[in-house]
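Included below are structure tokens for two forms of one protein chain, each presented in isolation as structure 1 and structure 2.
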Structure 1
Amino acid sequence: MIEPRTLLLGALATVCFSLTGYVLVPALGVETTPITLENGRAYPPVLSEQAAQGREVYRDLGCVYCHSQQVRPETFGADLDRGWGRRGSLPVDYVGQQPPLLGTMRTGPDLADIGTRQPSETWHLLHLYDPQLTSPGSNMPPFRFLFDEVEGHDERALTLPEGTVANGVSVVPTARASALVAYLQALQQPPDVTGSSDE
């Protein structure tokens, strides 16, 4: 019969071995510092204050439930063929993100490189206000609560198709909408990243 002390030591050794193999060793391989691109810039760049606020809006609105931020490599799907990225995602793409917003499913397109695909602030604002304006047939709901309707002309107002709102009313993005767009524009994965850190 095995002594309880021997059994306890064996169980403890098994847990320690498993922890080392499944948690600690893989953690050593994860990128934790930005890398330097050929153009001398650090990647990934630090988000601006507005884009960082937009990341929180993205989380708050639950965008991760319909959009992923992980472009699969060519051998694992059609992400590159769809134009969702110029390369597959790498661990370095998520340096400094706490938590990484990988997403849970793909009801909508992957957004890991949306800032490259759609650099226009106007496009993003129109898409948030009414996705049908920019992407006919989209099943994304409108996020009109991110906009204010104000009487009269406002320089910040969206240019909408005639009849979308009452005459004399301007649709103006709120600070949350502008921050979310700043975050989406910041989502760019340059093609020349290899994933190895500069030490």
Structure 2
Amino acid sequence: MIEPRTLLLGALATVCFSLTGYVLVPALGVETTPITLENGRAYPPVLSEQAAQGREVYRDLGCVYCHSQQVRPETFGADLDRGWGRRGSLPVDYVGQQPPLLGTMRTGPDLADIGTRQPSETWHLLHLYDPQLTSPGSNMPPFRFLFDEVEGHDERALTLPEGTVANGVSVVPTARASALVAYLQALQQPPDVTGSSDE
């Protein structure tokens, strides 16, 4: 015969057991401070202010639901062969990230090392404005609302194919679009991250 006390204590014990293993142990055991690389630089580097703002744009638009940011290691999957990274991702790559945007879907490619793979700001802006311009057949949504349409010529205007917008109209990235691209360019996982912990 099961008593309520057994149930309550049993339920509490089982959940606290896993809480210890999956929350407390990693919280205390996984690296949480940047390391110093052999070249003296801290890793991971701090994001520039603009890139940090871009990370917020990435978050609020839900890019994480189509893009992972975790490169699978050499012995698992084909990420390295696809050129999605130069090594498997490690816990140290995510130090200080809040939240880590690991993701669980790959409707689009992994972006952990996109800054290395696609350094071009022009490409990113064009792609965000309309993925069909750079990647015909993509099912990534266009993010046109991150751009302003202004009358006349503008320095920062995208170079679009004829007929994309009305004549005399320029498409100019907003601050949010530029920040997002700065973030994408900053997404890099360098091959060699051996170094010492600051602790």
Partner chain sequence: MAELEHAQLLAKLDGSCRRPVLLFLISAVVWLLVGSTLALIASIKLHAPEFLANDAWLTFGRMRTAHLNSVAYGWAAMAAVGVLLWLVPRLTRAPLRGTRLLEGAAWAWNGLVAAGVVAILTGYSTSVEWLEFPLPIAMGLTVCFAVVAGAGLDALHRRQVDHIYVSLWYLTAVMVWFPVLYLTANIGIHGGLLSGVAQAMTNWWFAHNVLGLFVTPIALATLYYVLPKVIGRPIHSYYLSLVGFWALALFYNWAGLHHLVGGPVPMWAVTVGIVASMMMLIPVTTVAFNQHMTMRGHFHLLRSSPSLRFVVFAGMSYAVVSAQGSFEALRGMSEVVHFTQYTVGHAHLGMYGFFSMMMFGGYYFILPRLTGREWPSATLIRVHFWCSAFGIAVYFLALTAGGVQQGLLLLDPGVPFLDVVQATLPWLQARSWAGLALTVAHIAFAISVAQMVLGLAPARGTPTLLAQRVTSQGGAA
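In this text, rigid core is short for the largest set of C-alphas that superpose within 1.5 Å between two forms. Worth saying up front: this structure is predicted, and the values here are computed from it rather than measured. The first residue in the sequence of structure 1 is number 1, and each one after it adds one.
Which of these two, 1 or 2, is the form predicted in complex with the partner chain? Structure 2, which is the form predicted in complex with the partner chain, differs in this respect from structure 1.
Between the two structures, how far the Cα of Gly10 shifts once the core is aligned, in Å: Displacement of the alpha carbon, after core fit: 9.8 Å.
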